[in-house]
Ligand SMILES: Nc1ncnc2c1ncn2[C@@H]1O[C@H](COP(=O)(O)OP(=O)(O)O)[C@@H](O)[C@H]1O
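Next up: just one chain, as structure tokens, the form predicted alone.
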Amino acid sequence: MEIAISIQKIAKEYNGLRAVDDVSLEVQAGTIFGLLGPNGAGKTTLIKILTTLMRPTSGSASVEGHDIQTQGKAVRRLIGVVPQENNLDRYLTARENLTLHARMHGMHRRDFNPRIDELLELTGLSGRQHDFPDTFSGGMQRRVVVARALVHNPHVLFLDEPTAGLDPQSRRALWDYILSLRSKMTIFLTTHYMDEAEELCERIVIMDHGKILVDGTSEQLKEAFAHSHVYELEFRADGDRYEELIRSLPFIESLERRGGVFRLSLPGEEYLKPLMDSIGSGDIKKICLREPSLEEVFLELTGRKVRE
């Protein structure tokens, strides 16, 4: 497939600190790509470099074949950007915000007016297009920001934590809209929400301290970090007795209990039969194999310590 974004050994230093440390990757055209990492991992810095807002210390990158440093104007014509903050002009209506963006991209009125009508309808804002952003909820403002980034029909859309602070309904509406863009353009997404990454992204990279740690689909990452077989057991009664029995078995690697639900790790599936032989089946209400979550993979790679 055609490559939309190519990054070759990009690095960025601030006063001796390498915020991005020799990152190299390629993103295929027409895909939704997810970049995950804790605060300070280098995600936003990398996006600023790719969107020509910041020059790298070293390395090179291109967007649809255009070099970000020597062909910045061409890159900016091709991309749309949704930053972390809702940076709308509060003195312009929703429609005027979109119109200003269209004019900045050199679009003619006959082209941008139908496009703005379409985007306002798609984002459910037609009825509020003549209202000012300060009268909107956070979710509605976010939808205006997304619509603004799409006015000029970008080839590549950068979304930097697009649903941060949104309520579940607004998040889901924005997810649906992002998915509707799949294959129409390349989407480069950063997020702190693991469920969002699993729902939207066809490929995920996790980075920390400026470096790429892993790269693959959600299923590939979870499979790679499935170190043991984790099962969930729920008993109808006698939970205390079964807890004592399970803890006494020599092949149990770990055991956690939450109420009547037990989560235990086995070295392999061949140990499931000895487990069942030991506890019997009379009081078992439920038993199931539990796969690792993307969040567990993320925490294993980046640690559990809270970042500033």
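Residue positions are given as counts along the sequence shown, with the first one as 1. The structure displayed is predicted, hence computed values, not measured ones.
Separately, the form predicted in complex with the named molecule exists; it is not shown, and the next lines address it.
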**Message:** Counting any non-hydrogen atom inside 4.5 Å, which residue from Thr70, Ser281, Ser248, Asn39 sits next to the named molecule in the model of the complex?
**Reply:** Asn39
**Message:** Only one of Ser170, Ser126, Gln84, Ser218 gets a heavy atom within 4.5 Å of the named molecule in the model of the complex. Which one?
**Reply:** Gln84
**Asked** Is there a heavy atom of Cys288 no more than 4.5 Å from a heavy atom of the named molecule in the model of the complex?
**Response** no
**Item:** Val297, heavy atom within 4.5 angstroms of the named molecule in the model of the complex
**Value:** no
**Exercise: Ile10 in contact with the named molecule in the model of the complex, heavy atom 4.5 Å** = no
**Prompt:** Is Thr45 a contact residue for the named molecule in the model of the complex, using a 4.5 Å heavy atom cut-off?
**Reply:** yes
**Request:** May I ask you to list the residues of 4 to 30 that have any heavy atom within 4.5 angstroms of the named molecule in the model of the complex, in sequence order?
**Result:** Tyr14, Leu17, Ala19
